[in-house]
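A single chain comes next, written as structure tokens; it is the form predicted alone.
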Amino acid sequence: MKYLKNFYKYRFLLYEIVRKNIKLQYRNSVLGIFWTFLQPLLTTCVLVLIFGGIFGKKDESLVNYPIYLLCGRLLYEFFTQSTKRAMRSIRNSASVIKKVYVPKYIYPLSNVTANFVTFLISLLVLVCFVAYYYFFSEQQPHITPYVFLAIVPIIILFILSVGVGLILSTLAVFFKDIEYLYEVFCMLLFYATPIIYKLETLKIQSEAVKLALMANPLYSIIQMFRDCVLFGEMMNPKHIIYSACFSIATVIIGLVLFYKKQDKFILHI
């Protein structure tokens, strides 16, 4: 209750920091927030041109490869960008932390939340893709009432990002090299997550490798999102349980680690 009251006390500060982060993100850009739409659109077009003929050709189970790819790309991009910014949040706010008392968890949380807002805006690109292919293409996505359940994997992904962000922001204070290692990890995560391909189409003979890929929580989250938006199906309950438990456990670990080490931040920043 003490921590909840403290969070409620600083809720307006969190709102202001989130708003500031969103403004600063596109401050020196000519197109400004329009990049929130343009970036995923251009990235998807490039990936479709490169991988569409390899993974999307003659595979009826994908329904629509551009939308399949965009669903995975948007969620992956939010996770990686939000956790990267959360990781650097404590060091980037060193000057403020040294002068004014503010609950330090506000900084990684505000960075994840700011990216979450821009992610929600970028979902309009997905809406445009779905509308275009539904009305003007033979590769129609299956639109059903289950599309409204897409909020479930989005919320789970936000919780996961907060947990990972807390862990990374703590480690980055003491080990600056974690930033470079995480860049490599994100690149590995992109290819280990079924974003450009479908796991079932890969000829993986080793069950251990297949289970390792499925153990990735992003796999379950992205698959649930695609089930709702693209395939018009109910989400797999196993994916819901696994990803939700994994995300909550990550937040708990992140909070415990953050609160144990936060008093030592001032000695290293």
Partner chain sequence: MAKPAIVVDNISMMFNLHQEKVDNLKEYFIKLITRKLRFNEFWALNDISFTVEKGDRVGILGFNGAGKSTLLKVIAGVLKPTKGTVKVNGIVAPMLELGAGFDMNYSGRENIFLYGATMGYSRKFIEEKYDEIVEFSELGDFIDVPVKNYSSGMRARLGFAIATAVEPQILILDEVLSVGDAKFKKKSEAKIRSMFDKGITVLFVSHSVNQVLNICNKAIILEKGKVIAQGDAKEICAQYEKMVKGK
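Residue numbers count along the first chain shown, from 1. Please read these numbers as outputs of a predicted model, since none were measured by experiment.
This next part talks about the form predicted in complex with its partner chain, which is not shown.
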Which residue, L188, I121, V127, L181, has a heavy atom that falls within 4.5 Å of its partner chain in the predicted complex?
L181
In terms of non-hydrogen atoms within 4.5 angstroms, which of the given stretches 137-145, 88-96, 194-202, 73-81 touches its partner chain in the predicted complex?
88-96
Taking its partner chain as it sits in the predicted complex, is V102 near enough to touch it, meaning that at least one heavy atom pair lies within 4.5 angstroms?
yes
Taking its partner chain as it sits in the predicted complex, is Y10 in contact with it (heavy atom to heavy atom, 4.5 Å or less)?
yes
At the 4.5 Å heavy atom threshold, is Y132 in contact with its partner chain in the predicted complex?
no
With the cut-off set at 4.5 Å between non-hydrogen atoms, does A249 touch its partner chain in the predicted complex?
no
Its partner chain in the predicted complex: contacted by all of I50, E207 and Y242, heavy atom 4.5 Å
no
Residues of 245-266 having any heavy atom within 4.5 Å of its partner chain in the predicted complex, listed in sequence order:
D263, I266
